[in-house]
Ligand code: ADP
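We begin with a single chain expressed as C-alpha cells, specifically the form predicted on its own.
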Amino acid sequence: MGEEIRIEIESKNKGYPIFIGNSTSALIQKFIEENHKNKKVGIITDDNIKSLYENTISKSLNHLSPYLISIPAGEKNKTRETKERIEDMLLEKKYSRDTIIIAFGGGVIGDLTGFVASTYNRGISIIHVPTTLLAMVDSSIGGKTGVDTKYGKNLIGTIHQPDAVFIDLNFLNSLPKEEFLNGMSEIIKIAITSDKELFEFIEKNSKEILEKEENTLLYIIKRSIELKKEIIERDEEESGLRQTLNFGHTFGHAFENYSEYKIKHGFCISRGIAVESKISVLTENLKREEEKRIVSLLDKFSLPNKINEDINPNKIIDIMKVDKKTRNQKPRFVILKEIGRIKTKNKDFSFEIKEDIIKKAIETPK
C-alpha cells in the first residue's frame, strides 16, 4: 500500500483524524510532536500484547519517555477496579492534565483507557492504536468508553472522543485467526444494516478476506469506517440513528454476560445477528431468503450462529432488561427490512418486541 489513507471524523465537540496504513509508528510520533508537544505520554496495553508494543512503536516514542502500564488481558478485567488501579498508577507518577494517553490494544484496552482519559483530571487527551480487526472497525471509533459490571456490559461509561486513531494493517498479519474472525462479525453487521454492496462484496470475496489479501482488507476496513463515520456524525450521542450499530448486540451482549464473558465479543454478536435476523423474519419485516443469505455468510467465516439447546431464554431476556438500550425494562431491537436497510418509524431505529417472539427466535433451529 502507498501513502496512508486519512478519514476525518466531524464532531460537534471535537473532530479527529483516522489514519489507515502500514507501519504507522512514525505517524504517531509526528502527530504527538506536532499536536501535544511537551506533554507526558502514558501507554496502556495488556500483558498479551505488551511485546507487540515493544517490537513496533516503542522505538519511535522512546525519546518521549512514555510510562507503560500493562494490565492482565481479557474482558473480565474491564472493570471499575482496573480503572481505579490505572488511575492510581498515573497519580503516583504525578501525571496531570498535561498528559496524553495511548490506548494500544484491542477493544477492552480501548474502552477502558478511553474511560480513564475521560475522567482523569476531568478529561485528558487520548490516541487509539487498535491492534485487532474488531477494535479497528468498531471500538476505537466514535468515542464510546466503558467498563462491565455483573449486571451487564458497558453499563458504566462516557463518550470521550479521541485526538486521533491510527490503524496499522501490519498488526493483522500476526493476528490469530480466531481474533480476525471476531472482528469480521462487526464488518458483516454494518454491511447487513447499512450497505448491501459491501455485503455482496464480502460474499464474493470471502476467500481473499480469509487469506488477508491486502487490498481486499483495506477496502472492507475503509468502507466499514466510512459507514460508521456517517452514522456517528449524524448522531454523536446515540439518541437515534446510532442505534443502527446495535444490530445483533441486544442478544449478543446478553449472551456475552450469560457466558460470563468466556465467549469472544464477535462470536456473541454473530449469534446475535442470527437471532435478531430471525426476529426480523418473525415480525414479518425480513424475507426468509434474506435471512438465509445472512446465516450463510456467517457460515463462510465460521462465525457461530446457532444457539445451544440448553440455553435458558428467560435468563437471557432478564439480562436484556438491564441493557442500556432497554426502555421501561423492555428489550429493544434493530429490525431489518432487507439486507442493507433497517426499519425506521417516527425517528425510532429500534423497537420493543414481545417476549414470546424473542423466545421463539432464540429457540428456533437456524
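Residue positions are given as counts along the sequence shown, with the first one as 1. Values in this document were obtained by computation on a predicted structure and should not be read as measured data. C-alpha atoms forming the largest set that superposes within 1.5 Å between two forms make up the rigid core.
Just so it is clear, the following notes concern the form predicted together with adenosine-5'-diphosphate (ADP), a form of the same protein that is not shown.
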>> Taking 4.5 angstroms as the heavy atom distance cut-off, pick the stretch from 29-37, 296-304, 337-345, 44-52 that is near adenosine-5'-diphosphate (ADP) in the model of the complex.
In response: 44-52
> Looking in the model of the complex, is adenosine-5'-diphosphate (ADP) within 4.5 angstroms of a heavy atom from every one of I101, S125 and F166?
Replying inline: no
> Pick from L91, L241, L155, A73: which has a non-hydrogen atom within 4.5 Å of adenosine-5'-diphosphate (ADP) in the model of the complex?
Replying inline: A73
>> If the cut-off is 4.5 angstroms on heavy atoms, which of these, T113, N182, S277, T250, is the one near adenosine-5'-diphosphate (ADP) in the model of the complex?
In response: N182
> Would F255 show up as a contact with adenosine-5'-diphosphate (ADP) in the model of the complex if we use heavy atoms at 4.5 Å?
Replying inline: no
>> Residue-level contact is defined here as any heavy atom of the residue lying within 4.5 Å of adenosine-5'-diphosphate (ADP) in the model of the complex; does L198 satisfy this criterion?
In response: no
> For S174, is any heavy atom within 4.5 Å of adenosine-5'-diphosphate (ADP) in the model of the complex, or not?
Replying inline: yes
>> Considering non-hydrogen atoms and a 4.5 Å limit, does adenosine-5'-diphosphate (ADP) approach A135 in the model of the complex?
In response: yes
>> Only counting heavy atoms and a 4.5 Å limit, does any residue of 104-134 reach adenosine-5'-diphosphate (ADP) in the model of the complex, and if so which ones?
In response: G106, G107, V108, I109, T131, T132, L134
>> Once you overlay the rigid core, does the Cα of K78 travel 2 Å or further between the shown form and the other one?
In response: yes
